[in-house]
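Consider the single chain below, provided in structure tokens and representing the form predicted on its own.
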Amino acid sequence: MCTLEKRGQLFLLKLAGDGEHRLNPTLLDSITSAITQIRSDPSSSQSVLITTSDGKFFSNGYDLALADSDPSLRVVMDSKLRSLVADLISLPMPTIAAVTGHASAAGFVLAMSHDYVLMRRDRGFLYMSELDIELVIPPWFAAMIRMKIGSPAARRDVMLTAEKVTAERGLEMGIVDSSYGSAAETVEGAVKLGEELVRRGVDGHVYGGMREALLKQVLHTIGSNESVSNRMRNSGSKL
């Protein structure tokens, strides 16, 4: 589950508990509900969202054990994550991912769905694990990676070598915006950045509209009807 706290003009959404924060239908629905609550707040267009987590993992991807018990849930989880990412892209405010643990596969994509990625440097990897588990990533994952990772060499290392990207390496690749010495410092850095963005006084509806225009191809690919039942079979990490 997740928790939502409002501090002034900052919304802090936390994936709660010390587990792997696997993206199962329950967690995805909880996050989506929080985003809906944020969107409906009268101050939303003058606010900033910060998403973070408890424990060792930011998110370790889809809930594969659950998908194995009921294969139909593979498509359900992918559909819910597509919808959540589309919601984040259209949200009328800047968004920050404070990555305080491992973010793998679908969890990595969730982090990249934010405008800024801040990461602790003493623990955690960003990791697209699909190469290691012999799967082709869904096209909409690839669309997000193409948009969010500018360097062809960095995209190659993320997708075609399954590099476990540390915070410092992420800075070199242009994936991570800033790194910090601990989980607490990462969240503090996100709050500081969020407060700076609030002070700019940008109209959130204009901001969100510009983000949608920038990520138009990602939204188009998210909206495609391609089946994901085989591709997402194991889209989590082997950490």
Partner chain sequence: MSMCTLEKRGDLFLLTLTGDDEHRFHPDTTASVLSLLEQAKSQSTRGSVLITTAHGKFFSNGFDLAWAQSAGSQTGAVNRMHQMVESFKPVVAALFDLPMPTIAALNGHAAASGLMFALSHDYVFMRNDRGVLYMSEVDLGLPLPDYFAAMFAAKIGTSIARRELLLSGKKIGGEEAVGLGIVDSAAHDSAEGVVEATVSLGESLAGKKWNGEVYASIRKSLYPGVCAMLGLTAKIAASP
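Positions refer to the first chain, counted from 1. Please read these numbers as outputs of a predicted model, since none were measured by experiment.
A second form of this protein, the form predicted in complex with its partner chain, is not displayed here; the remarks below concern that form.
Site annotation in the predicted bound form: the residue of Ala34, Val176, Leu197, Ala67 reaching within 4.5 Å of its partner chain with a heavy atom is Ala67. This chain is displayed alone, yet in the predicted bound form one of Met77, Ala103, Val117, Leu91 has a heavy atom within 4.5 Å of its partner chain; that residue is Met77. Contact check for Asp132, Pro138 and Arg146: all three have a heavy atom within 4.5 Å of its partner chain in the predicted bound form. Although the partner is absent from this view, Leu84 stays clear of its partner chain in the predicted bound form, with no non-hydrogen atom inside 4.5 angstroms.
Within this chain, Arg155 lines the site of its partner chain in the predicted bound form, having a heavy atom no more than 4.5 Å away. Contact check for Met159: a heavy atom falls within 4.5 Å of its partner chain in the predicted bound form. When contacts are judged by a 4.5 Å heavy atom cut-off, Tyr62 counts as touching its partner chain in the predicted bound form. Along 181 to 197, no residue reaches a heavy atom to within 4.5 Å of its partner chain in the predicted bound form.
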